[in-house]
Every structure is written in structure tokens, then in C-alpha cells.
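Here we start with a single chain on its own, the form predicted on its own, put down as C-alpha cells.
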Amino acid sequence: MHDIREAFGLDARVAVVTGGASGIGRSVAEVLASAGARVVLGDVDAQGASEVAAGIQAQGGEALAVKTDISQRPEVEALVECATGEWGGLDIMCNVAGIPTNGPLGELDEAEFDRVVGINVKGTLFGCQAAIAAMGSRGGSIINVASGAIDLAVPNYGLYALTKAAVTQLTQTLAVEVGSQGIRVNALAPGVTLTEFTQRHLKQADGSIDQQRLDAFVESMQKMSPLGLVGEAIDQAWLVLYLASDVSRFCTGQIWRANGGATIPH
């Protein structure tokens, strides 16, 4: 018999989560902390990250927050160094932070290209590089976040999809390169998940959510899933817990899709 709690447990392990102030990143940080991990949250939203860390501490967990712009390599390295300096190592690296962008590829501005690639691609690479250096030969788990946009060609989402496709190739190549060090590298390709990230189009002039448009959006997304569901951040966080824990020891270089079946070929 296997001890399931021990298998999924992360007691005394050290995790870094970028984008930890909100959405999927916040849920990931809270779930990992609940499983026993010591968590360092990195985000450009320093106040939001600090509030999440304080909430984890209030529940008896261990967490720190560091203001981090992942497009800047020194800031990513400092984020990881905070974890290793405070708790002596790094076991789990979750590269969640990313930004959306909209518009047709034919009209894509070079400055926008550089901005989005700088965060979504370079930021993920910097996180992986810092994690590999910190993990060394002791092993660990790196979890990147791509997107369901890699599976469907949707007008006006081309640049975003391009960067997330790059994350999947980055993930698979790194998995081959660092497997001998005991480091596993996997990626999520989340389906529609109700967070600030996905609801940005539904806001009114005063910043509040237009409930009628939200209801219509949810209904349209539910129709894409055989389950009739729209995801929540926790659905992605549970998958991260699996990939961070020992139960996924035989899993690397894979793209994991918690998306309600929305991309099943018809």
C-alpha cells in the first residue's frame, strides 16, 4: 500500500511561483503551500503578491513575496536566490507569469512583439535557467504555463499563441537536456479559465465586469467542453501539484491539458 498523503506531500520542499499575485499563479502558490511547500511568490504586483503570501502565512504556511519583472534576467535570478537563501535550495519552479495580447498578425507592431516575447518567452526561459542552476544535480520539477491557444488557430490571438507554442518547445527541449540531472520539465496548456486574465474583455468603462457579457461568455465556453464546464484557477493548480510531487516522477517533457476536453478533435 502507498501512503497517498505522503506521495502528494511537499513538506520542506521549496517552490518559486511567478505570477503569484493573482489567477492561476495565486491558486498554485496556495495549493503548493497547503501541501507543505515553502513558497516564494514573484510578481510585478508587489502588493498583490504580499497579500497572497500573508494569506498563506495566516493559514500556517510559509511564504515570501518578491517584486519581480520576469522580462529582466537579474530580477528572476534574485527571485530564485531569495528562495535558496531563505530555505537552502529549490525543488519546484512554476513559471506561470505571462501577458495577453490581441490583434491581427498582419498589423503586428515590432515593439509589441518584443514586449510580449520578452515576458512570455524570455521570462519563462530565464525562470528555467535560474531553476536549473539552483537545482543542480539534486533534481526538481519545473512547470511552465503555455496555453490552449497552441491547439486552435484563433484570429487576433496569433502573437500570444506564437509565444505559448515557443514555451512548449522550450519545455520539451529542456526536458531532454536536463533529465540526467533528475530535473523534470513539463508544461500546462490551460483551457478557458475564469480569471482576471480571461475576463479583461468583459469590463465596463468603470472597470466592473459586465454581468450580461460574462454570462454569454461562460455559456459559449461551456459549449466547447463535452463536460459543459468552464475551468477555474484551482483546476490548473491541482495539476501543478501532481507535477510538483513525487507521483509524477516518470513524467517529463509533456504538455498537460486541463481544458474540459475543448480541444478534442471532432
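All residue numbers refer to positions in the sequence shown, first residue = 1. Only a predicted model underlies this, so the values are computations on that prediction, with no experimental measurement involved.
Another form, the form predicted together with a small molecule, is not on view; read the next lines as being about it.
Just one of 196, 177, 86, 109 has a heavy atom within 4.5 angstroms of the small molecule in the predicted complex, so which one? Of 196, 177, 86, 109, the residue with a heavy atom within 4.5 Å of the small molecule in the predicted complex is 196.
With the small molecule left out of view, which of 134, 128, 159, 119 would have a heavy atom within 4.5 Å of it in the predicted complex? So the residue touching the small molecule in the predicted complex, by this definition, is 119.
Where does the small molecule sit in the predicted complex: which of 135-143, 168-176, 97-105, 151-159, heavy atoms within 4.5 Å? That would be 97-105.
Give a yes or no on whether each residue among 44, 68 and 192 has a heavy atom within 4.5 Å of the small molecule in the predicted complex. Yes.
Interface membership of residue 22, the small molecule in the predicted complex, 4.5 Å heavy atom rule: Residue 22: contacts the small molecule in the predicted complex.
Residue 184, heavy atom within 4.5 angstroms of the small molecule in the predicted complex: Residue 184: no contact with the small molecule in the predicted complex.
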